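Here we start with a single chain on its own, the form predicted alone, put down as structure tokens.
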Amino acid sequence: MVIVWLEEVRSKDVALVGGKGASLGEMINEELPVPRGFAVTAHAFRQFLDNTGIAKSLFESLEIDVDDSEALKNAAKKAKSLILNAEMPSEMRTAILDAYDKLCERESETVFVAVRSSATAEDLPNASFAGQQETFLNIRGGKAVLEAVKKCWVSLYGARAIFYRAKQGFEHEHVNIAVIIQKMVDADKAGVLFTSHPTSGEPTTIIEAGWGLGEAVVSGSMSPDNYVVDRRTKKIVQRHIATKNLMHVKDKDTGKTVQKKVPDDMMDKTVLTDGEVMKLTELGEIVENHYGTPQDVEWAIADGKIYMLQSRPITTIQIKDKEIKSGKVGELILEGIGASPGLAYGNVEIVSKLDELDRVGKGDILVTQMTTPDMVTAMKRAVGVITDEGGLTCHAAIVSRELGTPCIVGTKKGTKVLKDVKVVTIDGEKGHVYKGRLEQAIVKEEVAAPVARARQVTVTEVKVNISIPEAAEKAAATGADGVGLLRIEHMILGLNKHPLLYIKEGKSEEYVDELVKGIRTVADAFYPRSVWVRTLDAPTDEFKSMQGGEDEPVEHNPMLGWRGIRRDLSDVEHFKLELQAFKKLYSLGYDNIGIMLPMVQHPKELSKAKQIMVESGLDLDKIELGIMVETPASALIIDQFIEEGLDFISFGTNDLTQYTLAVDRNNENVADIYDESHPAVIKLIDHVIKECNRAGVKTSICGQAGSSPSMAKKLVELGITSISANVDAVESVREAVLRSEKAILLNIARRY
């Protein structure tokens, strides 16, 4: 499937049209004012890579140390060359051109369009990668649209995008990109709105606005007007009218988007009327109520009409550990917009050119006009960031929130005011910069290690999924109630040496130690909270490329083949090495570790596995043992598994869905009917939860559906014990769980 119209997609279609596309489809079907258009699907992108033969070279070029800036730059350059120089298949070109022509027919003119990237890991609740891919505005004509589509594809492999995916544990091969093509809104004014405060979560709508197209506001190239509305009183409680020095508009002669100076009489003029502010607030509330979680929305106004251009979950809301009492109040020397919360102090390092980045050392405060993707390495070293330009959605704000670094943007004159100042303290929540080092900053410094944020307590536990041990600290800092899924196959595949080769070379102990090291890192970060570790579940095609993997069988469909418990029970020698690692961890006192067996379909598999575990010296009475429910067979006869004896189950909805519906989720021809909320899937889940609750067996979910607030609401209603989400979705899922639990109590109270 190359093309799909936006009105035909829903939130379940993220794999097909990306987070942005799925969100637009949802809003269109909520009858919100969204410009119509279509998507070039993510499957079309994969088809392009495969049909042109560039996939292998592309992914090999991305196997680099992303902290090496030169290697990162070269990888991005090679990816760009490979994609732009490859010829798009003729049938794909035809499908895109036909869709554009149809859009023109709908509008009765050769329309200008916005061509926007929509990565499948961009606007999800479990990832805040927004802004890393490109958008091209005021594109007109079939040839120009085709060129813009390829440029969007290229942007998936920009240096910043490569860096972020590596740091977040996303594998490049598994992240795809769709391209959204919509009728262009020739905006008089535009910007973004947050339906709740993006760092504190307070019930206030924050709107940022500028003249012309929204590009200047979103990119952070200018300081926008800022309006704050108290949603409880429905009143505008704050206005910050900025000096707006530039704007992006459509050139009347060429039709291209150009940057120009804002007319003098408009620079300090308020962009929005009170009526527009309140109407945007109202529309924002509709979007938030639909999704059940706070949203970050892009909007535009043309000829007095408001358009909603995009919506994504806010993933940066943080709950403070505790209130830090202020000590001596220092001299307030600069103010801006608090973009990433926290207190920090350090030496001021003003950077005006990229070749000055090496001056920024650990513990410094980076001060610049505006950060760029090339500055990320320096931002990681800095303890705080201050910029002259930008708003809450600019590069500096987004990156700082992901790094957990205090940040203040839009100070207008930070690089000038701080020119002769040596040390400052910044308050990234209030947007205040103080001269010198304050006592409250010292309190912050003396907190020895990252600690989990205080969290709202829910009866239904909200856990987190982890793939790489390096992510453990960040995952623990979300305040998750434990780890519902720790995948060890990523640790094993990362060794790039087949497990059987360790055995052949007599290095089994070395292999066991690698497993212990990885699992222990996560167990330490969460102790005493539980960590459920899934035994090996990698398909044969992934092992085949490893050193020593030449003898792996060739399977027509590895997803239905020799994997999970099937491999463990036939390759017993390797399974016993996994068990040795668990035994060693238990002997070290890690009693918070549970063992989870994947891909089971018959109780005899559980029975045989337990027998091998006992033979390996594990005391099953002292450990938590569970299974993945990801086959219809295990769901339908869950009562027999319970009789065999287990402590918990976890739904693997990715596989459960495709096996129940007979839909290969990676097959573009049928991906549009892949639906984790299908009545048959929900019925299986409901059946398992009821049987387990009767028997006192814990239930959880660790598939992608667990990261969806709407699915979380449904699961709570069904009575699930816990939900395990991806790291960036923990807060939004917890909020959905809390709301659902309160609604259940309220409904009970109303009956009586």
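Residue indices: 1-based, along the sequence shown. All figures in this text were calculated on a predicted structure; none of them were measured in a lab.
The discussion below concerns the form predicted together with a small molecule, not included here.
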Report yes if all three of Leu485, Arg534 and Gly703 come within 4.5 Å of the small molecule in the model of the complex by some heavy atom, otherwise no. yes
Of the listed stretches (339-347, 627-635, 504-512, 225-233), which one has a non-hydrogen atom within 4.5 Å of the small molecule in the model of the complex? 627-635
Partner proximity in the model of the complex: Lys151 to the small molecule, non-hydrogen atom cutoff 4.5 Å: no
Gly414 within 4.5 Å of the small molecule in the model of the complex, heavy atoms: no
Determine whether any heavy atom of Gln640 comes within 4.5 Å of a heavy atom of the small molecule in the model of the complex, and answer yes or no. no
Can you work out whether Gly652 and the small molecule are in contact in the model of the complex, taking contact to mean some heavy atom pair no more than 4.5 Å apart? yes
Exactly one of Arg563, His197, His574, Arg160 has a non-hydrogen atom within 4.5 Å of the small molecule in the model of the complex; which residue is it? Arg563
